[in-house]
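Take a look at this one chain, the form predicted on its own, written out in structure tokens.
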């Protein structure tokens, strides 16, 4: 099973990295023929950078739209960020000081993550207009993330896993030096669902993570009067004429 999971995570990592790279390339090469920043919009490039920063960190537009969705979504994403930082310790030998300091917070951030996901799942069911536009995959992703969160909390607070063996195993996977994975059921479920998430990530709605930076409504400067906007293909046609 240790070998099977090692191969699974190598494949999952390759699929996620290559898939994300291809999607980002597609996003970058997709022309934006119109100047369509969502107003009120910044009139300088520095303003665009600050706008994207507020979107990524504070979910500004979602906050203005609906406070209930914002609070659960922000809780989930920020807690997930802390949890991911905490997991870095399993992949490096000399753990960096910031990762060491974040360990106690990351342990309990799992609860915040699950609460946020539960709120987003309830929103899908209880809000009529959201339920109407929800596809089965929308529920599936929330269920997968919830089970990832639950299984992680099980390992931390109920059925403790030998984290030293887990670290030795994953450092061994990335250095091709081998290792034994503890055969604990919560760990098996946790890792299987994480690998599934990694494999399907480049082909799912979760691509809003990199997609935000390529949204014309967010990354464009509001200067149509000062500077004419031309997509690359339009510039080529104009030069030919």
Partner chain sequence: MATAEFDVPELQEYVDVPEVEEGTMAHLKPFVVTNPEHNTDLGFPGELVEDWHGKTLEKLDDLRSRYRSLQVYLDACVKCGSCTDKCHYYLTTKDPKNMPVGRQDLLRKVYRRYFTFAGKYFPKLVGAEDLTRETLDDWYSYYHQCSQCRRCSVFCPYGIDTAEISMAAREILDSIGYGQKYCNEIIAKVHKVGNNLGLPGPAIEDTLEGLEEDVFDETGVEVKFPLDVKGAEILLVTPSADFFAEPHVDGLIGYAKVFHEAGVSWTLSTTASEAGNFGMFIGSYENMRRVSMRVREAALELGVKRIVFGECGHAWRVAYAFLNTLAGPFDFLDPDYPVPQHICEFTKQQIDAGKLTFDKSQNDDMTITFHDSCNVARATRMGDKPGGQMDIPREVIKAACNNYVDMDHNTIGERTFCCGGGGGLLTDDLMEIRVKGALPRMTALNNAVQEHGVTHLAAICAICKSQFTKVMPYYGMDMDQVVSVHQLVSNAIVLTGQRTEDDEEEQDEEA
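Residue numbers count along the first chain shown, from 1. Not measured: the values here are computed from a predicted model.
One more form of this protein, predicted together with its partner chain, exists but is not displayed; see below.
Engineer: Does any part of residue 98 reach within 4.5 Å of its partner chain in the model of the complex? Heavy atoms only, please.
Structural biologist: No - in the model of the complex, heavy atoms of residue 98 and its partner chain never come within 4.5 Å of each other.
Engineer: Whether residue 207 contacts its partner chain in the model of the complex should be assessed with a 4.5 Å heavy atom distance threshold; does it?
Structural biologist: Yes, residue 207 is a contact residue.
Engineer: With the cut-off set at 4.5 Å between non-hydrogen atoms, does residue 138 touch its partner chain in the model of the complex?
Structural biologist: Judged by the heavy-atom cut-off of 4.5 Å, residue 138 is in contact with its partner chain in the model of the complex.
Engineer: Look up in the model of the complex whether residue 89 has a non-hydrogen atom within 4.5 angstroms of its partner chain, and give yes or no.
Structural biologist: No, no contact at 4.5 Å.
Engineer: Of these, 79 to 87, 126 to 134, 151 to 159, 105 to 113, which stretch puts a heavy atom within 4.5 angstroms of its partner chain in the model of the complex?
Structural biologist: This holds for exactly one stretch, 126 to 134.
Engineer: 189, 212, 57, 49: which sits within 4.5 Å of its partner chain in the model of the complex by any heavy atom?
Structural biologist: In short, 212.
Engineer: Could you pull out the residues of 27 to 45 that have any heavy atom within 4.5 Å of its partner chain in the model of the complex?
Structural biologist: Counting only heavy atoms within 4.5 Å of its partner chain in the model of the complex, the contacting residues of 27 to 45 are 27, 28, 30, 31, 32, 33, 34, 35, 36, 37, 38, 39, 40, 41, 43.
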